[in-house]
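Listed next as structure tokens is one chain, alone, in the form predicted on its own.
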Amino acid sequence: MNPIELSQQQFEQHFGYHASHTVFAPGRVNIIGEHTDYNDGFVMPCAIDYGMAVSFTPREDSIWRVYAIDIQETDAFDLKKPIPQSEDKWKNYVRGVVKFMQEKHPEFIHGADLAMTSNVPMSSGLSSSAALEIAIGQTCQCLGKLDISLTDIALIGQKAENLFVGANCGNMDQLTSALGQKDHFIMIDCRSLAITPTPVPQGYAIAIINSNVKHDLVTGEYNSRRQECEQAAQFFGVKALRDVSLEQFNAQGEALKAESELAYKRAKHVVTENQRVLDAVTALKAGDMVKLGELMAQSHDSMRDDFEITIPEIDYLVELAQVAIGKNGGARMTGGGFGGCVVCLVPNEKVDQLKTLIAENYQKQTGIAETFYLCTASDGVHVI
């Protein structure tokens, strides 16, 4: 059963009556541009056809009753009272979005019963948390008939994750879940928030291979990577690493290296990765899949060697995928790192070959079974 049908069915079972509305917000996969978003840089993700469904009905009062179907847990809080943080992490995604929505729209005190479910694999780097935040943001918009843009909903989702949950993420995941476009990658300028849609090349599939090594950005090393990037930006005297050109980095990099080798390596990844995103848009528009594959490979190597966020299981998956795909297309780690998924752009005729090669080797080598997904670039959040 898909998440939309499941949320509607479970809503009725849990609350004893029909849900009046359902919102669906997609997860995302990032084709290229990793850890550049919080450096005001460039990214090129797409929304995927896996996501979070929230079925809900307005209440007469200001109480939210939330049923998390997948873990069979509930939460309740009152929108007319201060919304506290919970010791249960999942509750903070919901509460945080509502709290910051109220900060922007103090008139929002509309109660609701909600049931929610997701088919985005948790802790896999496919933005299950952003899908939840955007679905809740859109639910607030519907309940209060709020005059708020999808971009603002995305920024509220990011704020909730940064300040209420405690993960210092950038804005890519939320913007993609809110603003994704069917059959397109969206290149996002994470400073201006401008979006350049680029069609997914015809004859190619987006394959995601989950290493099934879970990551957790709150307890992981994500926040320390961000601090190292800020340290590098400070060295160059700029607001963010987005403002450092390749020429400037090459000219002053050694001096940064003498001060902090870690900051140097992190900056090297971000500065070169920003350029790779711009080059990837050019390659896609020209239909140059060989060049795109090279850029994806360089991106992975940079995440492994300079940003140091890959793990042996992920490196091995990328190696296998690159063998199966050949030169037309590519593979790289996607997401925050330290586990999670590999994304592949693979010619349709090589999908089975890719799946077989991974199935025959990955578990044998690592002792872990992978999960293989084929997905399509999809629209952002919508009300059913």
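Position 1 is the first residue in the sequence shown; the rest follow in order. In this text the structure is predicted, and so the values were computed from the model without any measurement.
A second form of this protein, the form predicted together with a small molecule, is not displayed here; the remarks below concern that form.
Looking at residue 222, you'd find a heavy atom of it within 4.5 angstroms of the small molecule in the predicted complex.
Among residues of the shown chain, residue 170 is one whose heavy atoms approach the small molecule to within 4.5 Å in the predicted complex.
Residue contact with the small molecule in the predicted complex: residue 338 places no heavy atom within 4.5 Å of it. Proximity of residue 37 to the small molecule in the predicted complex falls within the 4.5 Å heavy atom cutoff. Looking at 328-336, 53-61, 347-355, 312-320, the stretch with residues near the small molecule in the predicted complex, meaning non-hydrogen atoms within 4.5 angstroms, turns out to be 328-336.
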